[in-house]
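Consider the single chain below, provided in structure tokens and representing the form predicted alone.
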């Protein structure tokens, strides 16, 4: 993966009167990287995206996108960045092909080359058979596919996707996630993915940033977030026959934060892998270990646990 930075922000702040929507955000995004941008409604995600696109001006801090300042040179940014908003705006009485031709004209693309590219993109997003149907007849999934073709028309270096799987059926979601992986791995396009679908983000994103009250409160790979997030870590389940004082003995293991027992089942939460120590404790206390299972934290576990405690 290239190390060239396409997005770089330092101390990014956006205030609306006395309300601070974005409060000191630092972001880095390199070519070919897929970055998941998460957070509840009102956390500052959309405002951050608007500043990256040059659609609103920062109150403080700096932002560079593809080497340009979006506030001073928004046209240069738009030439290299594709943006797929949550609510797509196409002309319903025009066909899919005609909508893309209109976009090509707005971007001053050479007509002959644009026509060939439009045909290729419609095939890529599997709309070749519906290219000459009015968009008003398109389903939500077909509109999303057309939206992605529209974004890719100008061959961007960076694609910003705002909840792109919203309203899609499982087949459409699978197709879109596969396309995101292809953009990253085969075309070296950076993808900035703002989403509420945590399991989808976990599948395709190299790194994740979680926003809360205008700040990035957690950032890193999913495994890194496990160690950063409060209360997160390792979860170990044991099924035991016999033994005495196991709950207290397991709770005393270094790194264990809690231990609960229900009949023969014990659930151990810890900030490190304690499986070997837990097995040894069971044997030392006269128990028979029937089952030991370690459960990795998912992004949803980390996200929900953080905001429950926050």
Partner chain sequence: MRAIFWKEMADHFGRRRFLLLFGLVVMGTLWGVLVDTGRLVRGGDGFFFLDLFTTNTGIPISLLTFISLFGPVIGIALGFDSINSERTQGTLARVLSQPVYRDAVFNGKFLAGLLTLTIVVLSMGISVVGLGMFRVGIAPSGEEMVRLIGFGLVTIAYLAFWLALAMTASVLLRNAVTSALISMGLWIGLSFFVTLGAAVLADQLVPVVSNTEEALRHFNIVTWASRLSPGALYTEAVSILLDPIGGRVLTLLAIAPERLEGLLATPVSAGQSLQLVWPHIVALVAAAGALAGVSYTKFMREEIRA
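Computed from a predicted model, the values in this text were never measured in an experiment. Positions refer to the first chain, counted from 1.
Here the subject shifts to the form predicted in complex with the partner chain, a form of this protein not shown in this document.
**Q** Although the partner chain is absent from this view, report whether residue 107 comes within 4.5 Å of it in the predicted complex, heavy atoms only.
**A** Within the cut-off, so yes.
**Q** Taking the partner chain as it sits in the predicted complex, is residue 144 in contact with it (heavy atom to heavy atom, 4.5 Å or less)?
**A** Result no; residue 144 lies far from the partner chain in the predicted complex.
**Q** Can residue 200 be called a contact residue for the partner chain in the predicted complex at 4.5 Å between heavy atoms?
**A** No, no contact at 4.5 Å.
**Q** Is residue 86 a contact residue for the partner chain in the predicted complex, using a 4.5 Å heavy atom cut-off?
**A** Yes, residue 86 sits close enough to the partner chain in the predicted complex that at least one of its heavy atoms falls within 4.5 Å.
**Q** Considering non-hydrogen atoms and a 4.5 Å limit, which listed residue (196, 187, 115, 79) is close to the partner chain in the predicted complex?
**A** Here the answer is residue option 79.
**Q** Which residue, 103, 124, 212, 235, has a heavy atom that falls within 4.5 Å of the partner chain in the predicted complex?
**A** Checked against the cut-off, the match is 103.
**Q** Would the partner chain be touched by all three of 129, 133 and 206 in the predicted complex, meaning a heavy atom each within 4.5 Å?
**A** None of them does, since no heavy atom lies within 4.5 Å of the partner.
**Q** Going by heavy atoms within 4.5 Å, which of 40 to 48, 275 to 283, 237 to 245, 258 to 266 lines up against the partner chain in the predicted complex?
**A** Heavy-atom contact with the partner occurs in 40 to 48.
**Q** Considering only 7 to 25, what residues come within 4.5 Å of the partner chain in the predicted complex, judged by heavy atoms?
**A** Result: 14, 16.
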